[in-house]
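Only one chain comes next, encoded as structure tokens, the form predicted on its own.
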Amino acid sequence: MDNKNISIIHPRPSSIVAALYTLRDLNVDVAILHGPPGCSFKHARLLEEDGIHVVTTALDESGFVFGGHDALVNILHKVNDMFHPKLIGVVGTCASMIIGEEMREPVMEANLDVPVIEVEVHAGYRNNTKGVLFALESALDAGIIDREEFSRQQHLLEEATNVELRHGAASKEYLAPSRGDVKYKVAQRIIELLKEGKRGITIMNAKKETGYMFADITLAVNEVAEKLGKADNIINMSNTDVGLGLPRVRHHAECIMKDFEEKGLNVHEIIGGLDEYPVAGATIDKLIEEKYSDYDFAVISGVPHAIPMDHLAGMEIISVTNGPRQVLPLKELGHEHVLVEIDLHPKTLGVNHIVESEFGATLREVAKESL
């Protein structure tokens, strides 16, 4: 079977949710889901924790037959009066798209003095990045982003899709979820490596707000190395370029770098922006080849499967992901230890400081027992 055309049967993120998160990154104040009130409930609630209002047109069985034009006009007026937003997003759902709802007309009819980004999307696309692309296209049309940023984002989306097809959640027809290796034992292994005088690299290659927790892995390794008198044995890389990305993404990078600085952590190599995780692998591979090829181990957090194995092959690799379905592909790539931060996403929404990770906490506790 052609690997690119396999039918993925395990649950995956949907294009609707991807569009919602993109609107969040564009600093939309209100996102209107045009569909039934239960659509994307979990993510809608999480996004409200992240500071934006998410409402629905609450289409019911009658709306599925007669359409939701009037409901959308009414909710546009209502959210404008209630929240006084500076930017509104409207996102389609499977229900509204199947019955052929056209969202531009009701937006024009509402005639608000606020820009509105319309995203006509459903969850039936093979790649959930379609939802991101549609949101960005609409933002470009509305003048919210310029052509240069749109082209940059489009390239990143193509690469993100390729990463998932090669070694990610779209690489196999079915991937069973796994919690990965036991954190306690992996923490012991890192301490053992440091005590032996081995040299290591921390690589944070995180996706947007998830960086708030993956950054804690970098902090924990450095804290333990310092207590063991091995601080100079660690090199830190992170994709926290503060000048790249949509507005909210740049803000996340600024917050993480500020926390790193306050903790006294030295980031030796900036490998890209927080939205550049699909393409940072080439930079990392080149850096390792030119400067760090003789290091002994690497602790990779975020999206480890986006990093080529070419020059990591001689190192012992410890990877931390938030994807339970990512464990098997990483093991197949040759990562000796794979850990999962299962509750990462809910804990990194609505924050602006580094959040303690389960593995970071485990490593710190095991170090106390070992010293």
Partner chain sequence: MNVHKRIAIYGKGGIGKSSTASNVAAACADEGYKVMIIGCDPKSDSSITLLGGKRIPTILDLLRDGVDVKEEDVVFKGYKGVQCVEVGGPEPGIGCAGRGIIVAIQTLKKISRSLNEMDLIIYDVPGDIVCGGFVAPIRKGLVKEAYVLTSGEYMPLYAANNICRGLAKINTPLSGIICNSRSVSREEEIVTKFAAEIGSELMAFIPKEQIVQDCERDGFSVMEKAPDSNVAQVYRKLARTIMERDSSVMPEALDDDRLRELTK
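If you're wondering where the values come from, they're calculated on a predicted model, not measured in any experiment. Positions refer to the first chain, counted from 1.
Keep in mind that the form predicted in complex with the partner chain is not shown, yet the notes after this line are about it.
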Does F41 reach the partner chain in the predicted complex, with heavy atoms at most 4.5 Å apart?
-> no
Does V65 reach the partner chain in the predicted complex if we count a contact as any heavy atom within 4.5 Å?
-> yes
Tell me, yes or no, whether I99 is in contact with the partner chain in the predicted complex, where a contact means a heavy atom of each within 4.5 Å.
-> yes
Answer for E61 alone: is it within 4.5 Å of the partner chain in the predicted complex, judged on heavy atom distances?
-> yes
Pick from 339 to 347, 24 to 32, 313 to 321, 65 to 73: which stretch has a heavy atom within 4.5 Å of the partner chain in the predicted complex?
-> 65 to 73
